[in-house]
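There is one chain below, alone, in structure tokens, taken in the form predicted alone.
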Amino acid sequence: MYQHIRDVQEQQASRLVSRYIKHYESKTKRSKQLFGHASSIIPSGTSHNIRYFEPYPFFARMASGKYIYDVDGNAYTDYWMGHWSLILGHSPKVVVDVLRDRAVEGTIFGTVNEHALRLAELIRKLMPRAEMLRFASTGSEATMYAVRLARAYTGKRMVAKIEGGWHGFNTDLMHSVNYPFHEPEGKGILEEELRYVVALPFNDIHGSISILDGVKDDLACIIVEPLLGGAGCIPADRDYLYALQEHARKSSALFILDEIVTGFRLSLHGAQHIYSLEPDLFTLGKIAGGGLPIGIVCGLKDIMSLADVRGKSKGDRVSIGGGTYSENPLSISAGLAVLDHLARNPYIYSRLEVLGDEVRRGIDKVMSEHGVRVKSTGMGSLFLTHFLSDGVEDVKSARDVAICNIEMQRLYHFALLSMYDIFFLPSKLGAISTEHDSIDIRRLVDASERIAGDIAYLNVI
């Protein structure tokens, strides 16, 4: 009898998935055609792994405010928001206006410019631990440079990161990103390249300190996201971050905070202000570029000064480059426009936090009412709904995420996209912008309730 019930459930689930896919395919025919062509030229049809989802991603045509439009004419309420980088929504006027003026002056100078100095001064004002900083073009570069600076400053080799922690595609930190965490992250990364990296269990003080004690004599740095982003939108416990910071101090290692996601997203002064932390180095990106490419490594003067080339031989300095497009006048000007707007309108953060609380509570409530066990994690304007498996009561680490029902999470996000024109990149956290309002949140919660009904039906067959 039980096998028969399971067979019926699987049949019904297959029909439900098929209904979602058919509806999606019926309204994205041009995207399907383009993706087929793209796949013959670009591996996976996209230049970022996570942007692929089954049966194929839609092709965007334009975006404005809270909406992203595809080539088939569909308009989606967007919660992916350009990898969470668009706190003011797509193409905000303050950015478009400055880019229109700046582009005619030059798209790249390839030399120093006053715009970069102004952005650096504003960041230092908003985040006092940024005594000095250097611009790059991506977050991956910024975290790579932070690690290089830490090793140079301390004269030690070991880097401690978090299980599930994502710091970009640089080799130093491509370790223990995806579950199972002990396995390599893919071909082409040599085992010896990662011999000086250890992974810590997130929000587990005892487990993390035990690992750190084993490498403390050669520990160069601890790097951590204050909110575990790609691995589940999970806030760090305050005591956990304090424990890591304190261990770094005692080990004469550097404490590095990766604020590429959280910087200017959770508060005007970053998560370091919310948690009252004192990182030696920290990284910024996303919002700091106003929707254009940027990466920034920031920190204390005596550490950052190692990158000063003046009067030093190559053996006395740290090469952290920045790339052809560092200090790009368009990225710099867009970032300056956004940060200046946020600084002049600090009430934005309290409003976004209210909407974030509404969506986390609302989704959990309607799912629970249908007997679907979920936990929506996050803080401020960031959120992600996890579908709890048997025996899982809370989501506090990437290991907890790994044993949740990730397939159901993907189905939920795809159903929102297919049936209700609400866009999340499947299994990735959502971000609320100033363009979203309570009506959008209500619409998302209502759509979640209808999907919960579909899911609950499968469970009672």
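Quick note: we count residues from 1 along the sequence shown, nothing fancier. A quick note: this is a predicted structure, and the numbers were derived from the prediction, not measured.
Same protein, other form: the form predicted together with a further copy of the same chain, not shown, and the subject of what follows.
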(request) Scan T77, N113, N203, N74 and let me know which has any heavy atom within 4.5 Å of a further copy of the same chain in the model of the complex. (result) N113
(request) Work out which of I108, A343, I211, V354 lies within 4.5 Å of a further copy of the same chain in the model of the complex, going by heavy atoms. (result) I108
(message) in the model of the complex, does each of A243, R443 and G453 have a heavy atom within 4.5 Å of a further copy of the same chain?
(response) no
(request) Considering a further copy of the same chain in the model of the complex, find the one stretch among 243-251, 378-386, 319-327, 346-354 with heavy atoms no farther than 4.5 Å from it. (result) 319-327
(message) Using a 4.5 angstroms cut-off on non-hydrogen atoms, would Q272 count as touching a further copy of the same chain in the model of the complex?
(response) no
(request) Classify P180 as contacting or not contacting a further copy of the same chain in the model of the complex by the rule of any non-hydrogen atom within 4.5 angstroms, answering yes or no. (result) yes
(message) Can you tell me whether I406 touches a further copy of the same chain? I mean in the model of the complex, with a 4.5 angstroms heavy atom cut-off.
(response) no
(message) Check P128 for me: does it contact a further copy of the same chain in the model of the complex (non-hydrogen atoms, 4.5 angstroms)?
(response) no
(request) Within 4.5 Å of a further copy of the same chain in the model of the complex, which residues of 130-150 have a heavy atom? Give them in sequence order, or say none. (result) E131, M132, L133, R134, F135, S137, T138, S140, E141, M144, Y145, R148
